[in-house]
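Next up is one chain by itself, shown in C-alpha cells, the form predicted alone.
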C-alpha cells in the first residue's frame, strides 16, 4: 500500500483520571478497571517521516527513552503496517515530549495513539475508527482511549470505552514531583490490602450529564491513593496546597506521580502554579480536549 504523504504530524494529548477504581484481578493477570478519563491539552508533538531504511525507529528529546520496539510508538507503527500489508516500510518517529514521563498521564500510550491516527491519515484511512481502536488494544491498555480521546468511561483493562458527554469547561493545574511511581509495584501493594473506599462512579456520570463541575469534583477519587507508600505523602502535600488555593477538587492521576486540581474557568491559578513549580518542579495548566476520532 502506498502512502499519501512522506511526512505527517500529529498531536499526542495527555490524559487525566477523573476517577479510578480497581475491581477483581483477572485470570490473565490484569485487573478489571472502572475509570472516568479525560483528554487534556498538555501534549507531545509527533512527526513521522518515511525513509528507505526498512526499519522503524523513534527519537525523542529524552535520551533515556528507547527508540526500538520497547517504545510504544514503534510498537504501534509495526502493528499498523502489518495490519495494512505495508511491512518493511522504513520510518523515523520524532517525538517532542512535553508530557512528563512516569506521571500517570499516558505519555507513552498517547504517543502510540498519535502515531496510529497519523498513519491512518498518511495511508488515506484504510482502517475505520473502530478498527483503529481494536488494533490499538494490542499495543497497550491505555492506547484505545488515547486514540479516541474526549470524556470516556473505560472498563476492562481500560480498552472497553463508552464516550460520555463532554466534561464541563474548567482549568486543570497539573503538578508532577521529581519522582515517579512504578505501576506494577502499586498494583502489587493494592493486591495485598482491602480497599476502604471506592469512587462514586455513577454519581460522577450523572454530574457529567448535568454539566455540574462542583459535583464531579466532590466525587473524584483514586483508589491508589490509599496504598501504603511513603511517596504518596508528597501527593497528599500537593493536594493540600491545591485545595488551599481554592481548587474545587484535587486527585492523583493513574498510578501517579502527577497530581491535578480542577478550577472553574476564570479562577486565579498563577500563584498556585508558581508555588508548585518552586516546590516540586513540573507544573502546568491545561484544558479539556474533545473526542479526537469518530
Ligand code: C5P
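Numbering follows the first chain given and starts at 1. Treat the numbers as computed from the prediction; the structure is a model and nothing was measured.
Just so you know, the form predicted together with ligand C5P exists too; it's not on screen, but the next bit is about it.
Taking ligand C5P in the predicted complex as the reference, which of 94, 151, 180, 141 has a non-hydrogen atom within 4.5 Å?
Of 94, 151, 180, 141, the residue with a heavy atom within 4.5 Å of ligand C5P in the predicted complex is 141.
Could you tell me which one of 31, 57, 239, 245 places a heavy atom within 4.5 Å of ligand C5P in the predicted complex?
The residue from 31, 57, 239, 245 that makes the contact is 31.
Report yes if any heavy atom of residue 187 sits within 4.5 Å of a heavy atom of ligand C5P in the predicted complex; otherwise report no.
Heavy-atom contact with ligand C5P at 4.5 Å: present for residue 187.
Contact with ligand C5P in the predicted complex for residue 157, defined as at least one heavy atom pair within 4.5 Å: yes or no?
Yes, residue 157 sits close enough to ligand C5P in the predicted complex that at least one of its heavy atoms falls within 4.5 Å.
Taking 4.5 angstroms as the heavy atom distance cut-off, pick the stretch from 133-141, 99-107, 114-122, 199-207 that is near ligand C5P in the predicted complex.
After filtering at 4.5 Å, what remains is 133-141.
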